[in-house]
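Only one chain is shown below, in structure tokens, and it's the form predicted alone.
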Amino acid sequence: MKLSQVLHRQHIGFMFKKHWMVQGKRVPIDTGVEDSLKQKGIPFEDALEFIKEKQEPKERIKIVGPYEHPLPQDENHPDFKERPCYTLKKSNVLLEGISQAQVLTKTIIAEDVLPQRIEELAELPAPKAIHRGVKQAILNANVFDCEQKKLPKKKDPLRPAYNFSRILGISDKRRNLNLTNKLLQLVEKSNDAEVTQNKYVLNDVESLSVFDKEDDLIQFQEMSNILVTSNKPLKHDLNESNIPFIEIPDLYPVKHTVTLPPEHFYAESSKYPVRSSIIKKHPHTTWLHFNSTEVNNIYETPVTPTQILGRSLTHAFTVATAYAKQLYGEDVKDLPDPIHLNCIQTDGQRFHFGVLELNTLNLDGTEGTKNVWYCKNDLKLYDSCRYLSAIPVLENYNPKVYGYINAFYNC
């Protein structure tokens, strides 16, 4: 039978619903009893309050939980300081990129130049089995991994309001993690036990560097996704006679602390992640991942290539200065011996190689002793890695990238 208004009128459930709606909206009638009791001075109490169970206030018990509650961010916090500290965090980049990094770290750049020893080691041929392993690692990281997470939304500049369907796949963080760890494992497999036993490999270790520059207190917070340490300091033989250096630029009218937010809660000392009592404490090579979903500008604008290059320099400078201050103390300026550090930054496809020579922590001005940054940027490991007609395909593999990674490990 077709449901209709006539049928609902004869349905008892419909009658109850309508009756409930009417009765549920009834307003209690004021009988005037409360006013009469008040006039006669007779005490009375609300029935709803009377039936409530009265409990004595209990003393608050401090329960031991999985973590301590953070202290409130106020003037009583133990890390509170009146003097602001301009802070660069691991997920941010500098506005002016490599130019601003040069000014902050007082560094000159030898572009597209690496130490001669590294260039010689990079030319040595690797076994074919190693290159097959590298290709398999690329496919495992980009195609065969089983992770399925929501990838960033696609945007069409010509149709900014159009919503594309969400894509599930491998996140950039997991892709970079799988690829770099496998590459380092292949490098260790191809080397003698004497070389690998003299090194430690640490994952996700934080370094903190606090320094003064022209009356400003500056702090760099960085995380090495992979930090290789050795039992002796890294040394490079650097011939600077015929190298054209890029001198420290003038950022005027921009100040060197632009886009570095001031903070009042910070530690006044630097932090190197390995204790001084450890034998294999000396930093050798630091790996840095560029995850586009995590690293951004403070104003949420797209990250530019020059900002990515500046991130390599500030990262290497942070690890090297934290190590230098552990050796010579917080107040060290010109170092007795230069500190060398290798740095590799990658987004899973493009690799940036750099070597930092740390000579001084006296960063005021542009005169006197300077730090030196040797770099070779934008080397592509491959052009494309994807499914093509339901077949996993790796296009234009570049074996030179593995050669530089192996050279950095063995230098």
Partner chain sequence: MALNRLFAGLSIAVTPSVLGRRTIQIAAINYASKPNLVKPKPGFGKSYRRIVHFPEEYTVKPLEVTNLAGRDPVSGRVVAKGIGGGIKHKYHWINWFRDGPTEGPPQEEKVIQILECGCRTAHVALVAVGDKLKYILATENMKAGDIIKTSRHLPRIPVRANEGDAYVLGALPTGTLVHCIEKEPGQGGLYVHAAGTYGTILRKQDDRVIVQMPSKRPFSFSQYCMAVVGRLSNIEHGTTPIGSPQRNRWLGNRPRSGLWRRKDGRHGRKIKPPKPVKEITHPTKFPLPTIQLNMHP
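For clarity, a rigid core is taken as the largest C-alpha set superposing within 1.5 Å between two forms. Positions refer to the first chain, counted from 1. Please read all numbers here as calculations on a predicted model, not as lab measurements.
Only in words, not in the display: the form predicted together with the partner chain, which the text now covers.
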Find the only residue in 255, 150, 333, 232 having a heavy atom within 4.5 Å of the partner chain in the predicted complex.
255
The listed residue (53, 30, 68, 45) that reaches within 4.5 Å of the partner chain in the predicted complex by any heavy atom is 30
Interface stretch in the predicted complex with the partner chain - options 277-285, 123-131, 153-161, 193-201, non-hydrogen atom within 4.5 Å:
153-161
Please determine whether residue 220 contacts the partner chain in the predicted complex, using a 4.5 Å cut-off between heavy atoms.
no
Examine residue 400 and determine whether its closest non-hydrogen atom to the partner chain in the predicted complex is within 4.5 angstroms.
no
Does residue 387 make contact with the partner chain in the predicted complex, using a 4.5 Å heavy atom cut-off?
no
Although the partner chain is absent from this view, report whether residue 301 comes within 4.5 Å of it in the predicted complex, heavy atoms only.
yes
Out of 77-102, which residues reach within 4.5 Å of the partner chain in the predicted complex, heavy atoms considered?
86, 95, 96
Honestly, after the rigid core fit, is residue 161 moving at least 2 Å at Cα between this form and the one not shown?
yes
Under a superposition restricted to the rigid core, does residue 380 display a Cα displacement of 2 angstroms or more between this form and the one not shown?
no
Does residue 46 show a Cα shift reaching 2 Å between this form and the one not shown after rigid-core superposition?
yes
